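Just one chain is shown here, as structure tokens, and it is the form predicted alone.
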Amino acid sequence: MIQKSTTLTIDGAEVAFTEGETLYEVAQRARRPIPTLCYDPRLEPFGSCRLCVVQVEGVRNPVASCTTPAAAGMVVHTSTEAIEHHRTTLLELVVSENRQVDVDPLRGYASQELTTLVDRYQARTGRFAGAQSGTSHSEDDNPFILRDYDLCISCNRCVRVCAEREGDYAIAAGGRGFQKQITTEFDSILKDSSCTFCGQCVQTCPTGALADKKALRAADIEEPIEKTRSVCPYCGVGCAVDLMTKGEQLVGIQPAMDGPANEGALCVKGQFAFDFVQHRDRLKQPLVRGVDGQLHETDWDTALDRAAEGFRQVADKHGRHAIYGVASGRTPSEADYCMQKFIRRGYGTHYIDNCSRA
């Protein structure tokens, strides 16, 4: 079915849109930035933070742009004086309930969103200081996710990404008002819930209330954080990741939100299993066994020659069916092709398999 394209006016500019788009989506394409704290483009619009409200001519009250469908002929104002005042006040109220605004960017991909907006709207006035909401779950001893709910603003992004993207439904919002809390079934620790430790809740949290425990181990390293785009090595899916480093040390991994294979998702291994990179036992040079029966470091030419000779001796002594190949589940298809050629053409046997059985 062909979707019809029509136009509306945003801040004096005529903009084309497609049926089904929201005002927020249209404004984003038109480079009219609208602030939000509860919005994640991967999730269904929620409309809870009310920062994204805009004024539509002919409509009495401002509307949430993330949940309002675009309609032909609409005249929209995204940043009137009244709306900007409304946003500043909302941010002041949000900040008044939190222990702190400034958090380490190592906490997660979206952890700086609140800080950025508070600074943009100069909302550090403190005029609503008083009671604070959220109680941190410090007794949860899992090694991956810090549950620092003193920083929670009840945007529900973590709950929604767990349900909508992962289908785990491991966490939910319980209570009301200042007693509202992100919790698990029976208020248990994450290891006793259906949580798979994919880290999606961490990466969507706009305040760092849910944080990457492993990355925060490097908080005291006085080096700037650098990100390098790479591909997760754990399976053949090809999830895009951003490797976070400080100097020569890998300190954390964040999913690439624009990754074509994963679109911001990772499994527990892709998100947290990177300690092997800097482990003291990791091999950095090829090893060959000497006449003393011990393994010794050598160069690649020597190691490859030794391996080739070993294959030749086995084939000569036991025949071609004594050769068996097992391909890694981490390798790309080109490497798998070379592996099967090596076994089938090189030794005339079909004894080749792979380890991707899970």
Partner chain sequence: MSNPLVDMEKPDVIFCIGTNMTECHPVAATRLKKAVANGAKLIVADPRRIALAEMSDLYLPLRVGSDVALLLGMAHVIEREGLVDDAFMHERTAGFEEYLEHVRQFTPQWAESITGVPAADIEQAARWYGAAERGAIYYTLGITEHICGVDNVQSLCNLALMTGHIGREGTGINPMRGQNNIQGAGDAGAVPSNYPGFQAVDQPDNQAKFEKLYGRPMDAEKGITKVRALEGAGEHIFAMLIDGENTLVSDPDRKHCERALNALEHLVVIDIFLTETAELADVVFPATSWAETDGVSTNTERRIQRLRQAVPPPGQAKPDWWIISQIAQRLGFDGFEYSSAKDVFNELCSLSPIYAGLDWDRIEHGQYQWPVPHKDHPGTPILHQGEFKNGRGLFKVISYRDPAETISEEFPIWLTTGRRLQSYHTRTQTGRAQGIEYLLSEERLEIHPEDIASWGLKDGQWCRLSSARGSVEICVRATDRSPRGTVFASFSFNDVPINILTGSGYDPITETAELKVCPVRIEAL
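C-alpha atoms forming the largest set that superposes within 1.5 Å between two forms make up the rigid core. All figures in this text were calculated on a predicted structure; none of them were measured in a lab. Residue numbers count along the first chain shown, from 1.
The following text describes the form predicted in complex with its partner chain, which does not appear among the structures shown.
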Next item on the list: Only one of Arg120, Arg124, Arg217, Arg99 comes within 4.5 Å of its partner chain in the model of the complex by heavy atoms, so just point that one out.
Entry: Arg217
Next item on the list: Identify which of Val288, Ile225, Ala82, Ile221 has a heavy atom within 4.5 Å of its partner chain in the model of the complex; exactly one of them does.
Entry: Val288
Next item on the list: Heavy atoms, 4.5 Å, its partner chain in the model of the complex: which of 193-201, 88-96, 74-82, 111-119 makes the cut? Say which one.
Entry: 193-201
Notebook entry, point to check: Taking the shortest heavy atom distance, is Val59 within 4.5 Å of its partner chain in the model of the complex?
Noted result: no
Check: Would Gln340 count as touching its partner chain in the model of the complex under a 4.5 Å heavy atom rule?
Finding: yes
Checklist line | Exercise: Thr9 in contact with its partner chain in the model of the complex, heavy atom 4.5 Å | finding: no
Margin query: At 4.5 Å between heavy atoms, is Asp187 in contact with its partner chain in the model of the complex?
Written below: no
Next item on the list: Would you give me the residues of 275-295 that have any heavy atom within 4.5 Å of its partner chain in the model of the complex, in order from first to last?
Entry: Asp275, Phe276, Val277, Gln278, His279, Asp281, Arg282, Leu283, Lys284, Gln285, Pro286, Leu287, Val288, Arg289, Leu295
Check: Taking the rigid core as reference, does the Cα of Gln313 move 2 Å or more between this form and the one not shown?
Finding: yes
Item checked: Core-aligned C-alpha movement of Ala72 between this form and the one not shown, 2 Å or more -> no
Next item on the list: Check Val231 against Gln285 at the C-alpha atoms and report closer or farther in the model of the complex, compared with the shown form; the change is 3 Å or more.
Entry: farther
Check: Knowing the Cα distance between Pro332 and Glu226 changes 3 Å or more in the model of the complex, does it shrink or grow relative to here?
Finding: closer
